[in-house]
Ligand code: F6P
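Quick setup: one chain, the form predicted alone, written in structure tokens, and binding and motion questions come after.
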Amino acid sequence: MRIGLMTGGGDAPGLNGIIESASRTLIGNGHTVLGILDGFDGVFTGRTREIKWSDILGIHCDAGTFLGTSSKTKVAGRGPEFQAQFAKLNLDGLIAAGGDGTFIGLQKIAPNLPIVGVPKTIDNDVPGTEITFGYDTACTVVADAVDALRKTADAHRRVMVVETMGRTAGWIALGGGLASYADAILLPERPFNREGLKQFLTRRRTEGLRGMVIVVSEAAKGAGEDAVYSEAAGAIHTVRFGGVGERLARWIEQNTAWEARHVVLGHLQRSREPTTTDRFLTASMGIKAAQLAMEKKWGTAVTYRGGRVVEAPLTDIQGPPRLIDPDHRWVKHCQSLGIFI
């Protein structure tokens, strides 16, 4: 068969692992793999390259994506154009690694496309799967940052506020903050009480702490407040969250005896080489995606459930973001450790 391979949306550590493992499996079974460049753009413009075995050996350990990606392609109303351009590629089917924007977009413009989907996002908020690749790497970046910043916080008797990605889901802040035993973790799903946070910070200072580190998800907000955001014209997500870290640091200085500084990790969470955990996950998911394509099980997705990589209906990963239950077991862990959350 002739199978297309595409990566869409924001990049995530592990995309190259999907490309390498899926391609090696398909090529090893005598099939042709056509890489579609720069996500949806590659279909609309016909930019492709045939993937050879030698092209992708060893790329699994690299950040980014060998094929390129785009999160700003306008697809609304372009269904007939997309389908016509896709037909010109003469493909038997497509393996697409993407997040909610990729699969919702494909559902709208090409509902009958022969596709196998691989859910991808560092935010870990795609429904239908218990974890997405790239998430573990993003949490590692956060944990490493908290570990490092704690030293300078102690040196200067400061509170360091670390702002993470995640959009409306706080998975990165929760995972990275718990792994590093941050002093406080603020999540969109659990609007925080400002008076309670003020008392917590004051009490810790009275107890003799020299410094503290707070991890805050970019869409976190105080109870009864709106998240900090800006408009992002031309992007799939028209609302861009961010800025809460700076505002929180300023508020801490105005309302407590602490000096405070903020750090925005931003795209550092995307650009690190994948962890071993993410490499294992993408190896398994890429192989499974190739197997589903060879079996012509179109309309399916590769998901992680119950400790195993399994197939599921593609519709399972096309719903609204998977948010944190306010009483999630990791939240309970934080509370047991004395972390403000």
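Predicted model only: the values in this text are computed from it and were never measured. One-based numbering along the sequence shown.
The next section is about a form of this same protein that is not shown, the form predicted in complex with the named molecule.
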{"query": "Among 194 to 202, 73 to 81, 115 to 123, 144 to 152, the region lying within 4.5 Å of the named molecule in the model of the complex by heavy atom distance", "finding": "115 to 123"}
{"query": "In the model of the complex, the one of Met165, Val213, Ala220, Leu94 near the named molecule [non-hydrogen atom within 4.5 angstroms]", "finding": "Met165"}
{"query": "The named molecule: the contacting residue among Arg158, Arg270, Arg190, His262 in the model of the complex [heavy atom, 4.5 Å]", "finding": "Arg270"}
